[in-house]
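One chain follows as structure tokens, the form predicted alone.
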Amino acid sequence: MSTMNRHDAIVLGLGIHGSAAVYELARRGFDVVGIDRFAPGHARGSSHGATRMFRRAYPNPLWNDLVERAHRGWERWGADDGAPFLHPTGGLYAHRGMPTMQGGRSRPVERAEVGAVAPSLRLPQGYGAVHDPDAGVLEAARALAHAQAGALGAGATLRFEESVLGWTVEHGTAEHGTAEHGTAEHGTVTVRTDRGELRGRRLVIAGGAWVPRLLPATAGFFEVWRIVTFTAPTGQPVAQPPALGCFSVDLPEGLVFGLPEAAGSGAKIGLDAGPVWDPEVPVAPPTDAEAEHLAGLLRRFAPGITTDGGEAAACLYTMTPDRRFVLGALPGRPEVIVAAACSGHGFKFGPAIGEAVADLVAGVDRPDLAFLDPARMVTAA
């Protein structure tokens, strides 16, 4: 097979992780193509919406290095764009009793300190909290647009409204990858779409809720949820830093997460739980009851905030049993890299995931990613 029509990498899915992967690959000079079945800016997946939370506080120190890489990545993306994507607000993360979250400059705070750190926030009785002074709000929609524009500017090809029908790996016909990129010798990946075929040295599967369809043998490892958020009207000092920062409260019904008003977007609240959803079915819009329930939670935790005139939205979470991402080469298929299943907390890692994918395509060893190994999904499926 001729290598003239073989791309260095083909990326399936152009949410934040797929777009970041294409961006970082193109920046390094790789010939990369990104494919998405929907139009730019669509609301069928997990990456739409104005804002997301960034935090350094995590329950497990295994995440600390990736969080640090993400923080540096957002600084770099902001420098490239000419304006920051991350707006520091501080954060408080509350659980019944005293939580054990750690990372960065995070530290437990006594209940009496909560009022000093975030005067607008009210926590339930019996809850302790961790203060993360480096938490903040990310401009999500702007960041996604930046990654896609940056990828195009660096020479990548982005193909929207194109459906993937299947993919195969052909062994025994590989030639050495481009020397300057250091790509190792493997087989050739062929991707079939409703527009034809593409061939590449590496395939990156970043399809979010559609990963179970792109990797059918591992479908039992994933669960897709429908999640609803509510955003309050802007212009409310009670909802702005330093009166209110990012927060979460672990309730019996699920983890409530909240963002303050920042970057021109109103305070946002959501519940980290929802029904299982088939991504082939358009996400059902929030009901009035769902919107009012979330608005009520926002008023409960930030008394005095006005929710009249706010808006609710729905999205999808692609969950794993251990709530960790899937990131690395597919077992038995070194040509295929999986970057998937954000499990509700993945957007903040966008630049770091993009860099990780670019490293893996280039053959750079990343032992720090072992805790996200795709072998977990193969074993569990």
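Remember, predicted model here, so these are calculated numbers, not experimental data. Throughout, we count residues from 1 along the sequence that is shown.
Form predicted together with a small molecule: not shown, discussed below.
This chain is displayed alone, yet in the predicted bound form one of R69, R27, R333, R37 has a heavy atom within 4.5 Å of the small molecule; that residue is R37. This chain lacks the partner; the member of C315, A57, A352, I337 within 4.5 angstroms of the small molecule in the predicted bound form by a non-hydrogen atom is C315. Using a 4.5 angstroms limit between non-hydrogen atoms, L372 is distant from the small molecule in the predicted bound form. Shown alone here, T231 lies farther than 4.5 Å from the small molecule in the predicted bound form, counting heavy atoms only. Residue contact check for V326: none of its heavy atoms lie within 4.5 Å of the small molecule in the predicted bound form.
Heavy atoms of V164 reach within 4.5 Å of the small molecule in the predicted bound form, making it an interface residue. The three residues M53, W210 and H345 all sit with a heavy atom within 4.5 Å of the small molecule in the predicted bound form.
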